[in-house]
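Encoded as structure tokens, the following chain is the form predicted alone, with no partner shown.
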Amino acid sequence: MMLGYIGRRTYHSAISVIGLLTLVFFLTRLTGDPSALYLPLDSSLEAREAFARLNGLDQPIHVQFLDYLQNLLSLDFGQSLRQNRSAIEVALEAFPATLKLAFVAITLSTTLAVIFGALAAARPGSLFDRAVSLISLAGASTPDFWIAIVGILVFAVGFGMLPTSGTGTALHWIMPIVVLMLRPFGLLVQVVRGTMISVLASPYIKTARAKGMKRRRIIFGHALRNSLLPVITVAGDLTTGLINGAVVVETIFGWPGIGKLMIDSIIQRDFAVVQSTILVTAIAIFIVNIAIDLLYVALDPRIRY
């Protein structure tokens, strides 16, 4: 049953990926002629034609697209114009940096959100609850790029405490992770708090209290477990968002991930690398979604494939 479910999800995801790659293929061609970037400004018409012929850009657009699909079937993802090597290798080399950043950010934000959201739900209306709600709403509604720019101005330019780009030391990780954490933390705190308040009002929780069960065990041993499914749903969506949407943060902080590579490749009209980064990102998002669905069944046996 599980294998059949994964097979159906793979089939539908493959259709979506093909549609996405088709859209990306035609949109990248609208950015201009790559020969204007990779050849001298005074290059002759013959040189430009030879460049186009060498890279398969001399054919009509529909012929280029059919060639691209045929190459995909043989696992040929094209060559990078800028690096003169396999485009998929370039994308796969950059992807781990994005994956590490997204993993650390979503792990920390989920852990902190569960703790603070559960404690806030335990005392609704208290000063702690209002403070957590205010911070979470601010984190969920403030744009990432604005937080990143302010962080650079304050902690890098103003105090000189943190570097502005790179991955050399632990200090290089602080600002990118904090910026990526704020929105997931804000959204997850609200989900955990709302779900926990509802669960804590359930009859079985009242029965546990009447039997004299300790407050900590009620909150973290019973109520929290039954509140995890909505949290996992939102955390999964946020994880795919971090993988797919870390472009701005990576660009601002010079993080050598797949998001920055995508932007650089678009600017440099490196079509094959753009298409490869989209493909790698789409497959990663599909795998995350499958893992979340399987986790549902592990947490709640009532759910079926």
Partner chain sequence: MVDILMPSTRTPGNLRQLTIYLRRDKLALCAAFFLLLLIVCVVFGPLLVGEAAGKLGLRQRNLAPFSLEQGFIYILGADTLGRPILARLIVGAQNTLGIAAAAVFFSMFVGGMLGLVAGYSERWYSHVILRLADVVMSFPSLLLALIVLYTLGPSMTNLVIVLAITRMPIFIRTARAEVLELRERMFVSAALAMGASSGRILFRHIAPLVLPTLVTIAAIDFATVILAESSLSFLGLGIQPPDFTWGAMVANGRGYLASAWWIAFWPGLAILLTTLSLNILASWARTVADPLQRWRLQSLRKAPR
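Residue numbers count along the first chain shown, from 1. Throughout, rigid core stands for the largest set of C-alpha atoms superposing within 1.5 Å between the two forms. Computed from a prediction, not measured in an experiment: that's the story for all the values here.
Just so it is clear, the following notes concern the form predicted in complex with the partner chain, a form of the same protein that is not shown.
**Q** Classify Ser16 as contacting or not contacting the partner chain in the predicted complex by the rule of any non-hydrogen atom within 4.5 angstroms, answering yes or no.
**A** Although the partner chain is absent here, Ser16 would touch it in the predicted complex, with heavy atoms inside 4.5 Å.
**Q** Look up in the predicted complex whether Gln64 has a non-hydrogen atom within 4.5 angstroms of the partner chain, and give yes or no.
**A** Although the partner chain is absent here, Gln64 would stay clear of it in the predicted complex, with no heavy atoms inside 4.5 Å.
**Q** Under a 4.5 Å heavy atom criterion, is Asn71 part of the interface with the partner chain in the predicted complex?
**A** No, Asn71 stays farther than 4.5 Å from the partner chain in the predicted complex.
**Q** In the predicted complex, does Leu108 come within 4.5 Å of the partner chain, counting heavy atoms only?
**A** Leu108 lies outside the contact set for the partner chain.
**Q** Could you list the residues in 265-296 that come within 4.5 Å of the partner chain in the predicted complex, counting only heavy atoms and keeping sequence order?
**A** Counting only heavy atoms within 4.5 Å of the partner chain in the predicted complex, the contacting residues of 265-296 are Ile266, Ile267, Arg269, Val274, Ile278, Thr281, Ala282, Ile285.
**Q** Rigid core superposed, CA of Gln59 - does it shift 2 Å or more between the shown form and the other one?
**A** No; that C-alpha moves by less than 2 Å between the shown form and the other one.
**Q** When the rigid core is used for the superposition, does Gly254 move between the shown form and the other one (threshold: C-alpha shift of 2 Å or more)?
**A** Result for Gly254: no, shift under 2 Å.
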